[in-house]
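Just one chain follows, in the form predicted alone, and it is written as structure tokens.
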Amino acid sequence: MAETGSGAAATDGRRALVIGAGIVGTCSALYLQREGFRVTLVDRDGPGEGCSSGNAANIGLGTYPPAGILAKVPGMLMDPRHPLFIRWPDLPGLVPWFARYALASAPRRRTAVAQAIDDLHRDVIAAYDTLFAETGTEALVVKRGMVFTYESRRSFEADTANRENYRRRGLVLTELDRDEVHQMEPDLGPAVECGVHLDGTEHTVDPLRLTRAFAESFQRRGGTILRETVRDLETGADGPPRVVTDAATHAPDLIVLAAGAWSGRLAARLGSRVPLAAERGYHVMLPDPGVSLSRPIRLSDRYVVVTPMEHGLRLTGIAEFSGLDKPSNDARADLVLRQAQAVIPGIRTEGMTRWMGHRPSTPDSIPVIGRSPRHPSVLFAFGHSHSGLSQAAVTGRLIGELAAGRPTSIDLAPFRPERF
């Protein structure tokens, strides 16, 4: 049975404060507004300026934990083409997280994980369509699906289980031979042996502009955005927790914690120790790439996604496990570029820029969505790993349902923080 919220269903006038103005927090704020809350968004940066600005821009894909991952990690770390990197001084602290990750990839657990991800993605597009229509942002979204490329039949066969996940979810996959994939995307190079077209996914031409447009619509409807750094969540016997920032102390009726990779520290202040890793991703942005793609391309052999955007071509990849406060490593972004050049040899690099952001990754690839176990006036909405943009709108809708005291549209038991 789907979880129900607590408190009165009539929410007009109740004050909600959302910590984090990334895409998840901004979508949550919009859906809370639709439920009648007076909503404030708080972030140290402007809307969408964190990890939400640098993603691969895809909506509707999502990721599943691979099978038997633990045995593969040593080979991944030794493979110069693989995107997994771990700073060796950080390894001891990451062992418990990877142990949980290995458990999530075991056959019995993978079935439950996949079901939870499928349930969450069932209404991803519909939840976004509601917001696109209300905010007038339809022009920022392209509905052409995406293409997976393979450089050999062997790699095609190795990816079968992953493709079956998407088929089970209802996406339409069309297999393409060498000629068909090059007809669809002529600027792909000769390394591509075959491919698959996924119908049912979308991409935005600029995730930062999309988040900002959502935030502007939120403000036009009476929402407040504060540029403040959240320092602490104070708890006591005198009512709901209070949000302490570098500028003020806020005492809302409802708090939504959607601070991405920084959420784990704040959740711990409320007694919830969620194993949240800061998984760093990199991108290269090419303003004049010299090639033209009509849709996002996943270079399956290279672990890189290439997305056409309004300001050029974005190349994304890398899973680097390191601390939140460590500097970025340009060599990681340069590896993403080299991998893309191996498959799309016509790429030009003049004017390129590099970026790094922190994905908030849980060890089971399932986000944390639900009430704080000890503080029911606090809702959690974080841990979306590689799928924050995809899952943001449906997460916001679930947060709205919970806050309004209605049954949620999916069972939130697999998403609760207590599962760890």
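These figures come from a predicted structure and were not determined experimentally. In this text, residue numbers run from 1 along the sequence as written.
Below: the form predicted in complex with a small molecule, not depicted.
None of the heavy atoms of Arg371 is located within 4.5 Å of the small molecule in the predicted complex. Taking non-hydrogen atoms only, Gly388 approaches the small molecule to within 4.5 angstroms in the predicted complex.
Although the partner is absent here, Cys51 is a contact residue: one of its heavy atoms lies within 4.5 angstroms of the small molecule in the predicted complex. Among heavy atoms of Leu210, none comes within 4.5 Å of the small molecule in the predicted complex. The candidate site formed by Val113, Asp123 and Pro417 is entirely out of contact with the small molecule in the predicted complex, as no residue has a non-hydrogen atom within 4.5 angstroms of it.
Shown without its partner, this chain lists Thr249, Thr229, Thr174, Ser292 as candidates; in the predicted complex, only Thr229 has a non-hydrogen atom within 4.5 angstroms of the small molecule. Between 166-174, 150-158, 131-139, 252-260, the stretch whose residues reach within 4.5 angstroms of the small molecule in the predicted complex through a non-hydrogen atom is 252-260.
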